[in-house]
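Only one chain is included here, represented as structure tokens and corresponding to the form predicted alone.
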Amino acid sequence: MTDVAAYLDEARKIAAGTGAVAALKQLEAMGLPTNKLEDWRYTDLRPLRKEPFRALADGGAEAEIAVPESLSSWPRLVLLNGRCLRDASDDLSGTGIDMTQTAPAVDLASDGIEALNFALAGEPFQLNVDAGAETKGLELTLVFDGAPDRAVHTRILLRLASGTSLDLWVRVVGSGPLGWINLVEKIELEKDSRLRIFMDIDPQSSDFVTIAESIRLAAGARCEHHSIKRSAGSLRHMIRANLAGPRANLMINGAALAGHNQTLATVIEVTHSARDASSQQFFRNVAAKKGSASFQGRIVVCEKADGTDAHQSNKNLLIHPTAKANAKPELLIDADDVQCSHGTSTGQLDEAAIFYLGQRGIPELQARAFLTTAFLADIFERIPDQDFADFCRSQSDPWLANHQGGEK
């Protein structure tokens, strides 16, 4: 593991402001994570054992970036390494969405990588939906580009005022061989607000990707989080949610595809802090040849959070004998009147079903693709936005074509 001192030395030269200084102190106290930490147990941290990833200082060359095509009818906002590309973005006037750059706040980081983000991300990019605003949807495209030895630390803040709603399509895409993408998103849902997130994570050639999302739901707030992600090298996606107000509701629904020699870790912690709140988690992982897909899901029900209704389901499919899957579901309950459940399973494709399809003239690789698609269908059918559901299917089909089969 690279010594944290190298990152501290660089951060001290770059970081500025009260929030960044506080983050440096947190980083110094925490250090960088290791696989001895339970929440990082299944994350491939080998990229951090190399020479330190130096922070990309200039924000990237805008003229050389190929911005992917828009995939929705919603207004679009494009950020390159955390900075707005105005020529590629739509005017948000009249959408009810306010866009600002804000001074870094003094936040408590959950680990050393998040603390490093707080120290180096500079001014976070903030989106606000103010009270009384009438919004429909927004496509937020986050493009990352840079050299293999560089890191980009980006921080996004989103706040929905009481009674407002927003559909948000988030795309995390790689445009070059950037070494490390370190993205932190903080979401605040005030009373009776509603947010639906449709997230596409496709870092492509990046060696190391860490994404940390924090969601806080006030009384009566509702959030749906739907995602599809493909790994490049090592990818860790963490979601921490706090149902802080009564009657809050959260659903997290996702599919993860770990390709050849790739490691993909999903870490979820949902905390029920108030009574009569509900949460559901649905995850499906597919791992190909020498790929590794992991799921760590924790439901925490605090004292006096009676009336909690929380459920979690994780299933893992190994499509090659050398593929791996890890699963660790947890329930920590300190209240009495609750309904909670969790379940996980890991297996391979049904050879009898493959033989049955073969007897009906369907080639083996095509039969395996059919069965894998059926495995993922449960996730895609839960997505309420038809365009995003169709997009997920369109992305999974070529992935399966590239990763099915292979030498044993």
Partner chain sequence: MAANAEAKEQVDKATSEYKYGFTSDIESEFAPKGLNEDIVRFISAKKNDPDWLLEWRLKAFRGWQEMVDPTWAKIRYPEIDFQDAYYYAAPKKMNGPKSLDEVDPEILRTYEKLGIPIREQEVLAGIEGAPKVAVDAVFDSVSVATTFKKELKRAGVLFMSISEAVQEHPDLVRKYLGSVVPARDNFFAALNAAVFSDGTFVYVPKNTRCPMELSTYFRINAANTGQFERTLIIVDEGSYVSYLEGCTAPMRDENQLHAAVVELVAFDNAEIKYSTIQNWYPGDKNGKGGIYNFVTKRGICAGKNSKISWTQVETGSAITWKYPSCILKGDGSSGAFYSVAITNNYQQADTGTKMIHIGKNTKSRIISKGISAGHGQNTYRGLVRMLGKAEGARNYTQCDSLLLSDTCGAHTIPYIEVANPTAQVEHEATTSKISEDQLFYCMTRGLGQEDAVALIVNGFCRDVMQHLPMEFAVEAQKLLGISLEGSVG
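Here the structure is a predicted model, which is why all the values come from computation and not from measurement. Throughout, rigid core stands for the largest set of C-alpha atoms superposing within 1.5 Å between the two forms. Numbering follows the first chain given and starts at 1.
Form predicted in complex with its partner chain: not shown, discussed below.
The stretch from 116-124, 201-209, 231-239, 301-309 that comes within 4.5 Å of its partner chain in the predicted complex, counting heavy atoms only, is 301-309. 340 is the sole member of 45, 32, 67, 340 with a non-hydrogen atom within 4.5 Å of its partner chain in the predicted complex. Between its partner chain and the residues 134, 87, 91, 336, the one pair within 4.5 Å by heavy atoms in the predicted complex involves 336.
Although the partner is absent from the chain shown here, 318, 326 and 346 each have a heavy atom within 4.5 Å of its partner chain in the predicted complex.
Its partner chain in the predicted complex comes within 4.5 Å of no heavy atom belonging to residue 28. Although the partner is absent here, residue 50 is not a contact residue: none of its heavy atoms lies within 4.5 angstroms of its partner chain in the predicted complex. The closest heavy atom approach of residue 330 to its partner chain in the predicted complex falls within 4.5 Å. Contact between residue 382 and its partner chain in the predicted complex is not found at the 4.5 Å heavy atom cutoff. Contacts with its partner chain in the predicted complex, taken as any heavy atom within 4.5 Å, map within 31-45 to 38, 41, 42. Remark: with the core as the superposition reference, the CA shift of residue 374 between the shown form and the other one stays below 2 Å. Taking the rigid core as fixed, one finds a CA shift for residue 352 of 2 Å or more between the shown form and the other one.
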